[in-house]
Every structure is written in C-alpha cells, then in structure tokens.
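Here we start with a single chain on its own, the form predicted on its own, put down as structure tokens.
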Amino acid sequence: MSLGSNWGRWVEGCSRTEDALSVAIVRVAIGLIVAGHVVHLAWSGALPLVWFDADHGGLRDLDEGALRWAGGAVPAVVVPVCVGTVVSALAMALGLTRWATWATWLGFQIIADLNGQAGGSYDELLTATLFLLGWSGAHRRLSVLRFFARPGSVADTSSLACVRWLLVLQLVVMYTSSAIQKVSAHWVPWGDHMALWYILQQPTWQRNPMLWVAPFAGLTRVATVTSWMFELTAPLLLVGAWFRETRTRAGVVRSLFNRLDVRRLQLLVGLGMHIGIEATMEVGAFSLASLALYVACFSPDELRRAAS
C-alpha cells in the first residue's frame, strides 16, 4: 500500500464525524468539575494559600508564569482569573459557545501552573481534557441555546469522532503510566501488596482517620493488586471499545472481546476503584475527572439506546 493511500486513510479517519452526544456529556461534567474545584478552594480558604504569592498570604513563592505580565500572583490578578475561570466553566457546561471551553482551558491552565507543590495529576488531566474538548463539537449538544432555537430549525450536532477516541486514549495513558510508576515491592502481585494499607494510614491522604482498617490488611492487599492490575491492563479498555465500535467486522479476538464485553468489565472495575478512593482518600478532583471520561468509551448510538 502506497504512502499516499495510507495518508488518505489517516486524513479520512481523522475527519470522520459523529453525533456530539458523548463528548457533550463529558463537556458538561468537566465544566462543573472545574467550576466546583475552584469554588471549593475559595470556600475552604485554601485559595490564597495555594495561588497567592508568599508576599501576599501564600505559603511559598510561586512561578507566576503568564501572570508575570499582568502583575504577578497577587490577589488583584489571581482572583479575577479564578472568577473568570469559574464563569467560563459554567458557560461551557451550559454549552453557550465553543470559546467558553477554550477560556476555561486557558484560565485553569494559568492558575494550575502557579504552584507545582499543590494540586495533583488531576490538574493535567483536566487541562488536557479541556484542550481536546475545545477541538470537538461538544458545545452543539446538551446546550441551553437549543431551547431558544426556532421551531423546525436544523442544528448541526456533529463532532469529530477522533476527539472522543483521544479522550479514551488519554484515560488509558493515565492509568498505564500510573501502573508503571507503581512498580515497587508494595504494589506488584509478587510483592507484599501493602501499598494501600500504608497509604490509608497516612494523614496526608486520609479523608477520615483510618485506624479501623488496620486489622483488615487482607482486604487492602486484594484492593492493591486489583487496582494495579486494572491500571496495567488499561489498554484493553481502548481495544475493547474499538472492537465494540467495529463489532460487525470478522475476527476471533474481536468476537471474544465482545462476547465478554471487556470494555464494560474494565469500566466496572475502574468505577469500583474510584468509589473506594473517593470514600477513603482525599485526592481532589481526580476521581470525578477520571469518571467523566468513562462516557467517551460509549458511542452516541449506545448512549441513545441506553437512554431510551
């Protein structure tokens, strides 16, 4: 097969469109998560400590980044950026315009980069997701503007299909890279499986005191191995989702994956893992942001059938 034909297939695949329902649900969820995250920091009183420079009440000197040109990480600059991020995130959730997504991405990227010692991997997860959603047609579905559309008008509800698959790929890369970083004697199946037991005894991670779990080391060992194996085998989620999308094609492996519904099994294990994390640990917006991307694993047709 010639280089020209391969390039043509690549362009055709990247240009394919589908209904925007799946990415629209992700858009609504991510918009609410970003807005809620920033509001929570302000409500709890942590915002000045985390995003103000040390000379203005913060805990440390910050990397002012883009704010250097606007006056630095001072209250008069940071607070308007935070307010603008919340407003644009809510506008994004309402589907007012594609530009609301880009404004949310820019605002959250600026404030998340101020303090490298605060936050977590969910900052990168949220900014990467916002960047991808900005290229999609996610604003064309589940938008409040559709309530004001003229009766009988036909609206464009399409989105680039490749954006949804990139969201799934992002989820897979996140899980797989996490498993690789956890290759230690406390995580791997041939180790002592004590990682979660130790984590739950650390005040920095605990949502509540966890001394009661000390006698149940056997359960935490099972949870440790299960979560690590789930993250390591995350590529099966991408393969399973693709085989589900192309289930009319021939192939023994494809048929087996669809018969077992590997995609759904992976998502169920991941759901259980994140529920456990959210119930016992303080990890910011990580679990909510991760679960929001689970919707991208389902095609718009599947979601419509499920809703009906």
Partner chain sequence: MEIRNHLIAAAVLWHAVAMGVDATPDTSAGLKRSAWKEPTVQAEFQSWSAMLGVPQPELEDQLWTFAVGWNAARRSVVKPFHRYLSWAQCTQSWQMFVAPHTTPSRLQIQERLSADAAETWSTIFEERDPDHTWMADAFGVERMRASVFRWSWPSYETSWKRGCSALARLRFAESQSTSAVRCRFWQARTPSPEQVIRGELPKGKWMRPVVVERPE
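Positions refer to the first chain, counted from 1. These numbers were taken from a predicted model, which means no experiment stands behind them.
What comes next is about the form predicted together with its partner chain, which does not appear here.
Participant: Report the residue, out of 75, 84, 235, 120, that has at least one non-hydrogen atom within 4.5 angstroms of its partner chain in the predicted complex.
Facilitator: Contact check passes for 120.
Participant: Counting non-hydrogen atoms within 4.5 angstroms of its partner chain in the predicted complex, say which of 35, 29, 281, 262 makes the cut.
Facilitator: Looking at 35, 29, 281, 262 one by one, just 281 meets the 4.5 Å heavy-atom criterion.
Participant: Would you check, heavy atoms only and a 4.5 Å threshold, whether residue 60 touches its partner chain in the predicted complex?
Facilitator: Residue-level check for residue 60: yes, a contact with its partner chain.
Participant: Look up in the predicted complex whether residue 133 has a non-hydrogen atom within 4.5 angstroms of its partner chain, and give yes or no.
Facilitator: Residue 133: no contact with its partner chain in the predicted complex.
Participant: Counting only non-hydrogen atoms and a 4.5 angstroms cut-off, does residue 41 reach its partner chain in the predicted complex?
Facilitator: Residue 41: contacts its partner chain in the predicted complex.
Participant: Evaluate residue 225 for contact with its partner chain in the predicted complex, applying a 4.5 angstroms cut-off between non-hydrogen atoms, and reply yes or no.
Facilitator: Outside the cut-off, so no.
Participant: Determine which one of 263-271, 65-73, 51-59, 246-254 lies within 4.5 Å of its partner chain in the predicted complex, judging by heavy atom distances; exactly one does.
Facilitator: Residues of 51-59 come within 4.5 Å of the partner.
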